[in-house]
Structures are given as C-alpha cells and as structure tokens.
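A single chain, nothing else alongside it, follows as structure tokens in the form predicted alone.
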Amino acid sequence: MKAHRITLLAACAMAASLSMAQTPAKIKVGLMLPYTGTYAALGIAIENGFRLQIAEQGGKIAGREIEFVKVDDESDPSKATDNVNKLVKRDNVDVLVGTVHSGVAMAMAKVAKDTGTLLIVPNAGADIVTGAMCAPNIFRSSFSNWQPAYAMGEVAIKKGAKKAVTITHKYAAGDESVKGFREAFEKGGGQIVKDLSLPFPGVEFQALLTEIASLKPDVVYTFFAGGAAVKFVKDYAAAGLKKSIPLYGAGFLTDGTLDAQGADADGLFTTLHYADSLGTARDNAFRLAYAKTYKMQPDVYAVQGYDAAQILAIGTAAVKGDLSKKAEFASAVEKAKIDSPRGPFMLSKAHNPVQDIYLRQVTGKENKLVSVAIKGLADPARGCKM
C-alpha cells in the first residue's frame, strides 16, 4: 500500500513536471514609458494600444502569455540608462517597448544595441535610432522626426508660403523636426527667417510669441506634444497670432490634446501618419474596439502601441515563440506588410515605417483628413549601416 502511494505520488509529480514543461514561459515585455509629467497621457495611450492588440490575439503570442514589467521613464534622459538596464539586467525582459521622449529612446537604443535585446520604439522619432544607431534588433512602429516635418515643408510651399519661423523645445525631437521642415521648405524655394526654441519642458512662450509677431513670417512651423502643445496653441491664439499668421505643425501638436485646446485649435493644419477620419474598415474596427475597451477615442499614440504589438507578434510567430532567433525574427518583420489602422505599411531596411503622411485639419474635436500629403514616404536613414 505504501509502495503504491509512493508510485502514485511519483506519477503525479512527473505529470505536473511534464505539464509545466509543456507550458511555454511567458514573454516578458518591458514597458518603459512616461506615466507622469508632460507626456503621461501619451505613455498610457501607447500601453492601451499594445494591450488591445494582445487581447485581440487571445492574450498570447505564438502560444506564450505576456508578462508586463513597467517603468516610468519620467521623460528624463539622465535616468534612462539606469532604467533600461534595470529592465534588461534585473528583470531579464525579452523585449523592450519604449518610449516617447527622443532623448530617452536614444539611451534605450544604445543599451539594446549593446546587449542584443529586442527593442520596439512605439513613438520617439529620433532620426538616429533608425539612422546611425540602427541595428537588426531595433524596430520602430511610429515615425522618424523627419517624416511629418518634411511633408509639412512641402505643404507650406504648395500653400504659397515664402518665409517661415520655426519654434520648438530645444531637444533632439524638436531639432530634427525643424531640420526636416527646413529641408523641404528650402528645397521648394522658401526661407527660414528664424529658428526659435526654449528648454524642455518649459512653457513660457510669451517672449517668443512677441518675437514671432515682430518677424511677420508667412507661416510658423512648430513641434510640440502633450501638455506643452496644449499651452502653446492656447497662448498662440491668445496673442492674436492665429488670425494673422497660419500655424502649421507636426501632428503631435493636436493629437491627444484637442479636448484641452478647445476652440483655439480649430482650423489648424498638421501632418502625420494618422488621422481621426480615415474611414477605412480596418481603422473603424480599431477605433470601435479601443472606445469600447477604454471608454475614450484612440489617437496616434494608441495606434503606434497597437502596431508595436503587431510587430512583436509577426516576429514571434515566425520563430515559433523562440525569441533567441533574432535574425529570423528580423527577417520576418522586414518582409511583412503590417495591417495598421493608419493604413498598411512596411518597414524600411533601417526598420522605420515607410508610410503615407496625411494632411489633417482640426474640425471640432477631430483631426480630419484633408489629403495624403506624401504617399509612401521613407525616411532617408542617414548614417545607417545595417
């Protein structure tokens, strides 16, 4: 009887261990996003979009459940290397997903490149990430800073502008956005009268707005996002400039910010790889699912989070869940046409989306589609040697 009990216990233990062996380990996803500060709403939207896509796949990718490890990066580049090393070395994540702030993303890209950890960037447009810092294990589901800015430079020329002033925060994203606008605007015969900037995350715009009024350009181009975008649009209108000098921006100026900007944003033109009124079956289904799940409308940040999860799913399915097969993962993603709510896109050799850039205009609480500013725009990926 005793021997029978021992045999039974041994059989149960073996069955349990076989069951455990057959259950694949969870994929550890390190979400390094801003959950406080100027960009908090953006970080939340990215996570929401990512989780929605995973939920649509039944909560698993290639049969493996997902475990999330979250870090608030506070949009602070000085803390970025420590934060990303915690995720990679302490938490042993399989994949990094982040972030919003370009300065933080550059630190993430360096660690990802040095350690070989998969990194999917769901927002930060730092040109260098898919330029000189490009790597086989680094992917972007969003844009390069150059893309919407270059498109808006072309739009401004077509609208007859000859002289422009630019204004942004003095940091990587702002600098690169202004350069992209300048490249297209000057190529079309336009002249940048002055580049204005202020330290991130400052929002004391008054002196700069006074200078814009005195310079009297045909157009002002701007790159602001989150809380700063809200304040700038309101201050621009309050200074009386909205009526006399058209304000054009990269789409982050009015994405996720329209409720707070109210009537001051009405009529503004922006360029981006997404709009609120694309009207496609794919986008309609995404918007409905997002609204049902989160009781709010999605924005470009939610789309980018959603597509970051799609990139992870495509690569993981191709390697049958074995994320150590990085070359095969990359090869599958490089060949894939990603069925995004923004419209289908593919990744360039540098792993940046090749995508349509839309001209949108604010009408009420929507960034309504006006036209396709540039179809299938690929970032030049300057300095990428992959």
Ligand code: BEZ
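Sequential numbering from 1, following the sequence displayed. These numbers come from a predicted model, not from an experiment.
The same protein has a further form, the form predicted together with the named molecule, not shown here; the description that follows concerns it.
- Here the chain stands alone, but in the predicted complex its contact with the named molecule, taken as any heavy atom within 4.5 Å, falls in 37 to 45 among 356 to 364, 37 to 45, 334 to 342, 316 to 324.
- Heavy atoms of no residue among 138, 329 and 351 are located within 4.5 Å of the named molecule in the predicted complex.
- Using a 4.5 angstroms limit between non-hydrogen atoms, residue 173 touches the named molecule in the predicted complex.
- Mapping the unseen interface onto this chain, residue 181 falls outside it, with no heavy atom inside 4.5 Å of the named molecule in the predicted complex.
- Looking at residue 166, you'd find every heavy atom of it more than 4.5 angstroms from the named molecule in the predicted complex.
- Put simply, residue 100 is close to the named molecule in the predicted complex: some heavy atom of it is within 4.5 Å.
- Distance criterion of 4.5 Å from any heavy atom to the named molecule in the predicted complex singles out 301 from the list 301, 146, 232, 221.
- Taking 119, 87, 225, 151 one by one, only a single residue has any non-hydrogen atom within 4.5 Å of the named molecule in the predicted complex, and it is 225.
- Residues 123, 124, 125, 126, 143, 145 of 110 to 148 are found to place at least one heavy atom within 4.5 Å of the named molecule in the predicted complex.
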